[in-house]
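Given next, in structure tokens, is a single chain: the form predicted on its own.
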Amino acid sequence: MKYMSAAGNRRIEKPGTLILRAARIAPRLKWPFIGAVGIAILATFIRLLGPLFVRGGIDDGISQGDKNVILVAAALWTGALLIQYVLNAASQWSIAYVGEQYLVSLRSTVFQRLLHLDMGFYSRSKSGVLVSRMTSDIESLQEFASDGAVMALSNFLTVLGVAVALVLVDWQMAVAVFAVVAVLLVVSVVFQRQARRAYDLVRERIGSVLATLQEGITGVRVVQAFTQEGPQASTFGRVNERHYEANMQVARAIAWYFPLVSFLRVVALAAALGIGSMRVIDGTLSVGTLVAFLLYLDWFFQPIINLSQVYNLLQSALAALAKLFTLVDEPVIIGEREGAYDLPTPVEGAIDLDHVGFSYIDGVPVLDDINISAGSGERIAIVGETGSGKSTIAKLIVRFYDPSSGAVRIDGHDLADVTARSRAESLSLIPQDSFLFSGSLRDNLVYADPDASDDEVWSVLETMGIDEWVRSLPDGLDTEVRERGGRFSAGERQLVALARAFLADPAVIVLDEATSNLDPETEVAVESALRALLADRTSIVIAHRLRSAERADRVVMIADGKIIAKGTHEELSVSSPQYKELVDVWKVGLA
């Protein structure tokens, strides 16, 4: 199974297909959208009556010297403008409402998908790019929803309505004008293709900018420690320059297109004025009809110019939508299989890795024929050099990945056949650097069991011997932990993670180097809490410390993805040269 294969290199749908697909995300907005379009159509129709009132006022009023006709025409046009104003206001509000509601649904859809994607996806994806999808791309859609959508719809309807009106007012002049429009359409298609490629590139490059920026800020201590500020800034500069080049491609497309549209507008107006004036002189066209035609013609090109101006918003929004759909399209590899069932209760917690093999990349094995059995309540320590495959075993046991061959079982049940909720209730992973969410200490403690009462929380804290520490905090359980638990030290965060796992009451605990980054004094406190947590539970300990191996019931040594020794700490210290060498290294580190 290729957990590290490239992703996101999918063909982006055509705009029409993309829009239809996007519409399926929020079907509840169908009727509000239809209502908004209906109001916009009515507003456009009312506006198109204006030049007809002008024609009547000129031909039947000014030409005939009838003031009443002029007053009636002016009153009708004024009334139409007032109605149009009300309808336009209602149309803009309703379209903005639909757009914002749609973005709410889209954000939720993408975020829910991200939460279900496997660890392989996150190991091959840059967090900065993912943040870009949920920020920069969503902002592009937001900008179009709040401004561009209203302008696009109203101007599109105006173009269609005016085209019909031009034909109805005078089809001969309309034919001459449409010849210019044909040229404009060809030019617009060329611009559309050029701009689409440019905006796709811009969206791609901004993701790289954010990824490089986040990496530099996150690793700023390493940058400063090695005085690499200059090279790091140069790296960001190169990425930033590529983003600039992508934006300049957009600018070049806009630079030739908009002036050309304005030029064609003047050509069409001049042609209509010339042809119409000659026909007025010949007596085949009234002055009022010519004025009405020129008004319609100005209304015809101005919306086209507006559409050209809003086109960059549309292209940016479509490019952003396509990028978001690459996330929605990511396959859920570690999903719940059809027919998955809950583990029978009570869960004993016996763990078996049966001839397990695993590869992140096809043809590059990380684990080969791993056989490990842990009985209920037994503690197994897995040791080995860095890169031997220890942490991968931990990830397989909690089903962050599925084995490429063999099976991982709990109480004889294949983890792949068990429901996600039942598995989560039965197994807990405590990693090397435990993550805390922004919020209160209580929120983090009850994360796995939101229904837990304060009494249950305090009981766990007392059992682990950390209740006095919690009481000493400024606000006790209501103490804000800040982003990523920044209020606490690494050891304190680990204590919170242990208490959180204890409160979840799993049958199996997997410790992935949970004490490797702690100082000796903090390690003693964490080890004390661990004794309470691991009592009567099955535990798999990825060990980097001698104490963890000594306290285990059995030790499994891994090298190059294979088991090379099994037994108790005392047995392996005598029978396994590799383990004895590892113990000697540990003792040197303790000296």
Ligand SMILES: Nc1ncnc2c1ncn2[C@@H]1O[C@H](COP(=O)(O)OP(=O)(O)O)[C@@H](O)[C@H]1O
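In case it trips you up, residue 1 is the first one in the sequence shown, and so on. Everything numeric here is computed off the predicted structure, so don't read it as measured data.
The same protein also exists as the form predicted in complex with the named molecule; that form is not shown, yet it is the one meant from here on.
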Non-hydrogen atom contact S391 with the named molecule in the predicted complex at 4.5 angstroms: yes
I'd like to know whether E385 contacts the named molecule in the predicted complex, with contact meaning heavy atoms within 4.5 angstroms. yes
Partner proximity in the predicted complex: S123 to the named molecule, non-hydrogen atom cutoff 4.5 Å: yes
Contact with the named molecule in the predicted complex for V356, defined as at least one heavy atom pair within 4.5 Å: yes or no? no
Find the only residue in V366, I254, V291, A80 having a heavy atom within 4.5 Å of the named molecule in the predicted complex. V366
Among L213, I361, V183, A90, which has at least one heavy atom within 4.5 Å of the named molecule in the predicted complex? I361
Answer range among 93 to 101, 241 to 249, 391 to 399, 491 to 499 for contact with the named molecule, defined in the predicted complex as heavy atoms within 4.5 Å: 391 to 399
